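In structure tokens, one chain follows: the form predicted alone.
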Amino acid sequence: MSERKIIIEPVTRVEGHGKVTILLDENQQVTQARLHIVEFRGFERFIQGRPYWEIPVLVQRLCGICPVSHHLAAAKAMDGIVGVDQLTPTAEKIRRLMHYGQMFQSHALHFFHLCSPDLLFGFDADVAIRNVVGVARKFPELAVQGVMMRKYGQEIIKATAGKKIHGTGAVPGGVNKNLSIAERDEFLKEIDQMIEWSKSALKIAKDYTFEHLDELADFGAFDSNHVSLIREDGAMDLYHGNLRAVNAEGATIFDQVDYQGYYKYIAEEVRPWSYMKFPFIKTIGPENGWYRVGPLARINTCDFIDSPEAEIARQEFMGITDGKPNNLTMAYHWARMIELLHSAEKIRDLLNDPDLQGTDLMVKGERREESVGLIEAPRGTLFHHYKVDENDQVTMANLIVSTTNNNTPMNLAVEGVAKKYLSGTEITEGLLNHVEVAIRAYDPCLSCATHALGKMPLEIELRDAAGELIDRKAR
């Protein structure tokens, strides 16, 4: 039997480097499809031997897209190392403002710049217009909104972390600055506009999902478990909480788990064709214990959202599945825009909180040797686990990033879409984009999942079973 191999490298309009390989048999039927992370991440080794207080700044170099998430997860872990379980009100709220600024700018970036061309023009649209430039030409107001929303979030980050990228605001035990009244007032001038724009983006994602519901139900969709942080009262909390896992029907797998002991519940599997690991829930096992994280999982696991406009949107979202988890892969976009609105509402609440002008910024406690920091990054639950010796040097680091948690679901989405759209048909650029659309729904940050180096050409090769090149396209 002769086989052909299709290679998509890199996957476009995602953050970072990755490729997809698709095998077809002699009847043009897809027999296998995989998402490969082909570069090696060495950060867990790089930071060994470094003093613990450097880690919140060092680990940000994993990524220029979501450095704030790594900064805060590491800072939370280092809070534990210095014996701090509760920050001052000012320190916690400054960190939360920083985090919601990151969520806001990241979700805006993904929606307007990366995924909106597919939603606005269609998956099969000409690649010449199916991009952010095409959006700017045909929908200039949307493009401006996307730019201004991202800018607003980045300015929030700059004001709280010191810099837009790779800031230094969060330190073990607290923060190193508060928010001035002048800074607060500048942000308050624009926050109502940000909320209105968030509502309009949410409507685009919601309407698209409703209009294509039948099609999306068979587009890389599948039942899955879902994991996220949750507040003690069951509310969505993107900065802090305990771990909750539910299955595809909404039944609880575990709940209110202190994440300091996450490793009792979650393990990682290694496979030879990817540098990215495959996490799973221990009680279920690697075959069926995989799970999804991120906006879709967070909406599915929480009992409510504590900001009014986003809670109304959540109820509408859950209404299409009668309150049970929504397992549509493409529903990630709708869920992400609910979180965009939630982030804007939380920013408004925090800006009106006088604690942000407080001067009590740091706490110290009794030194510890091991600690875990978790946060809900834009793409999902982010784990940072460290051990530090008596010389203040890091001896062990384990990072399970959001995209790693979504590794198995992304591979299943790729395989499902490839089998539906590529089997038995002439393979076109538009059809190959269907595979990328499924990946983009997860908003993967491949730079975080594995430290990436090298060039990024788009290259698609067709090879027979003997490895002979049949056809090749590049751009």
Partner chain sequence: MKFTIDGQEIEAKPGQTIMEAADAAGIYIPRLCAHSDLKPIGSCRVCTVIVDGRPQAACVKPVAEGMVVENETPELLEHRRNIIDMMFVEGNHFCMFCERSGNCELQAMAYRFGITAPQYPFQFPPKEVDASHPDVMLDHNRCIMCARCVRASQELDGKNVFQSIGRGFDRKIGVNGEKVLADTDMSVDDRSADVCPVGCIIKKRTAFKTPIGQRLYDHQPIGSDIEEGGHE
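The structure presented is a predicted model; accordingly, all values stated were derived computationally and were not measured. Positions refer to the first chain, counted from 1.
This next part talks about the form predicted in complex with its partner chain, which is not shown.
Visitor: Counting heavy atoms only and using a 4.5 Å cut-off, do 161, 176 and 362 all touch its partner chain in the model of the complex?
Guide: Yes: each residue has a heavy atom within 4.5 Å of the partner.
Visitor: Select, from the options 24-32, 49-57, 402-410, 430-438, the stretch whose residues sit within 4.5 angstroms of its partner chain in the model of the complex by heavy atom distance.
Guide: Within 4.5 Å of the partner lies stretch 49-57.
Visitor: Even though the partner isn't displayed, in the model of the complex is residue 255 close enough to its partner chain, meaning a heavy atom within 4.5 Å?
Guide: The answer is no: residue 255 has no heavy atom within 4.5 Å of its partner chain.
Visitor: Though only this chain appears here, would residue 61 touch its partner chain in the model of the complex if you measure heavy atom gaps against 4.5 Å?
Guide: Contact with its partner chain, yes.
Visitor: Evaluate residue 136 for contact with its partner chain in the model of the complex, applying a 4.5 angstroms cut-off between non-hydrogen atoms, and reply yes or no.
Guide: Judged by the heavy-atom cut-off of 4.5 Å, residue 136 is well away from its partner chain in the model of the complex.
Visitor: Is there a heavy atom of residue 391 no more than 4.5 Å from a heavy atom of its partner chain in the model of the complex?
Guide: Residue 391: contacts its partner chain in the model of the complex.
Visitor: Taking 4.5 Å between heavy atoms as the contact cutoff, choose which of 247, 321, 168, 260 touches its partner chain in the model of the complex.
Guide: After the contact test, the surviving option is 168.
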